[in-house]
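What follows is one chain in structure tokens, specifically the form predicted on its own.
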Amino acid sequence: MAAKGNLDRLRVVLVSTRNPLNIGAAARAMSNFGVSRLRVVNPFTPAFREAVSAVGAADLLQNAEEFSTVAEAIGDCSLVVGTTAAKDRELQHPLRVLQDGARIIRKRLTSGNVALLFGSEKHGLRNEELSHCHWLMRIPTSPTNFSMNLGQSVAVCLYEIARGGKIAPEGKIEKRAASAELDRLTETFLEAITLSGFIRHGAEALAEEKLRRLIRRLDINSPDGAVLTGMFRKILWKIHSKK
């Protein structure tokens, strides 16, 4: 099994979950595999903390952190991975099968926090929510019945991550930029290109999603992220000072 210290850096994030029993089942799976940090974003009902399906995981469920946005829930994570069935959907992220994705996650857990996102039972993760992810991961299910119950999906993903054992970091560990740092870079970059006229009126929301995905594909480390944010802030200061 993966080292407990590393699994403490893993955050399971459930987004807009509708059925409190599914949240309870996810909490139970987390407890089974030694993962304790559960975060929920806009759950359908606040009654999820009383879910009877959280057998042996009542404390974990009670201590779940609740957020109103995905950005807030993943702010301290340097790697954000979304899950998807990838059926008849045009994806704009790299897509990895579970076995390959789990190996990357285990390695990144040696140096920073990782968020694993699961979407609503009804529609999965929406495009705006996916834009916060570095890449996506899928469970290789049968094409005749590809959709899995949320609790089952969490259990299968955590099993694959936990079973790989401890991975030692290779050489010097480079701190990757956390999601909150990337959001600050995105905001300043977006403001600069908006003022330049690069983004046409009415396309701001789509441009923000595209820019968010682009910045995450660059896999920026924390020092470089701070430098780039500082550059764009200086540009913005120059623009505003001339008005």
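Given the structure is predicted, the values throughout are model-derived calculations rather than measurements. When you see a residue number, it is the position in the sequence shown, counting from 1.
Missing here is the form predicted together with a further copy of the same chain; even so, the following discussion is about that form.
- The contact residue chosen from Leu98, Leu136, Ile104, Ala71 relative to a further copy of the same chain in the predicted bound form is Leu98, the criterion being a non-hydrogen atom within 4.5 angstroms.
- For a residue to qualify, one of its non-hydrogen atoms must sit within 4.5 Å of a further copy of the same chain in the predicted bound form; none of Arg37, Gly75 and Leu206 qualifies.
- In short, of 109 to 117, 143 to 151, 123 to 131, 75 to 83 it is 143 to 151 that has heavy atoms within 4.5 Å of a further copy of the same chain in the predicted bound form.
- When a further copy of the same chain is considered in the predicted bound form, Pro46 lies well away from it, no heavy atom lying within 4.5 Å.
- For Ser196, a non-hydrogen atom is located within 4.5 Å of a further copy of the same chain in the predicted bound form, even though that partner is not displayed.
- When contacts are judged by a 4.5 Å heavy atom cut-off, Ala180 does not count as touching a further copy of the same chain in the predicted bound form.
- Contact between Leu14 and a further copy of the same chain in the predicted bound form is not found at the 4.5 Å heavy atom cutoff.
- Contacts of stretch 103 to 119 with a further copy of the same chain in the predicted bound form, defined by any heavy atom lying within 4.5 Å, are made by none of its residues.
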